[in-house]
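Below sits a lone chain in structure tokens, taken as the form predicted on its own.
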């Protein structure tokens, strides 16, 4: 008798991706080349922005973006403590200081009502995370930024394809950053992208991803830079994935709707909330396991795993609890962040997830 196992996530890779890689291997051009350029062009068109700069991963994209907007050591960047560590680490990587602001209880995104109180004379930017695949409240954020002359950076690592008031993620701030890591909604294993309508940011980004070197004038260096280039091999996979994005996003949304219909009526389970004027692309389907549920969050996680269902906790600790990021804790308390880190649990969601598997997961939770 075979043991049933449902993974938390799984990339949708098919023959087209394999053939695309084979074509690149046969071409002899394996590093950054024509395929990367095509991917950048198609991605910029998808997001409806002027410029897209491909790089080797999402952390590099954040580092490049923060460099390109001109952050200096000692500058402050307002962001969320409830996110993957790369968001805050990228701020430290340019010598700036993260300043954490509490989150909203239902969208899990930064609480726009608390941003302005965190602005000081040292504040230069707001780094916004579209957590789990839902954009934040950009009208409010951009209004605050305009008032205080701040730059807004969109961490869109989890929100490719999402929209806010009809505008695509990646075109919601001054500059945007994407990840194509193996678990993301479109993937090439490792990869990233920076999007912007600002020519200056675009030109600075091109230099920074390639050793500070002008790509049209080799071996002339304008500033420090890194080897953050993307390869044609990975870009070929990402191109195929980009062409599938509409279908894959719709599938994720259908799975989320199926979960919602049943789990919203389970006492002690809070299903994801989508705010008005936004589309959610469900990079994660994250529930809250409250005190009213019959099992505590970790007990539920363990129970599901024993039944062959993989889940995960994104994220078990606020970033300000880690030693190197304690500098970012400026508010007296973060009650929503503290509560959510104790309740959140992400269930399996990916395009290839079978209806029978979804039913199985739902039934396990209902039976409890």
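Numbering follows the first chain given and starts at 1. Only a predicted model underlies this, so the values are computations on that prediction, with no experimental measurement involved.
Not on display, but discussed next: the form predicted together with a small molecule.
Proximity of residue 194 to the small molecule in the predicted bound form falls outside the 4.5 Å heavy atom cutoff. Within this chain, residue 181 lines the site of the small molecule in the predicted bound form, having a heavy atom no more than 4.5 Å away.
The closest heavy atom approach of residue 47 to the small molecule in the predicted bound form falls outside 4.5 Å. In the predicted bound form, the small molecule stays beyond 4.5 Å of every heavy atom belonging to residue 103.
Between the options 169, 185, 87, 236, the residue in contact with the small molecule in the predicted bound form by a heavy atom within 4.5 angstroms is 87. Only one of 32, 311, 341, 57 lies close to the small molecule in the predicted bound form, with a heavy atom inside 4.5 Å, and it is 57. Heavy atoms within 4.5 Å of the small molecule in the predicted bound form belong, among the stretches 297-305, 323-331, 37-45, 59-67, to residues of 59-67. Contact annotation for the candidate site: 51, 152 and 174 all lie away from the small molecule in the predicted bound form (no heavy atom within 4.5 Å).
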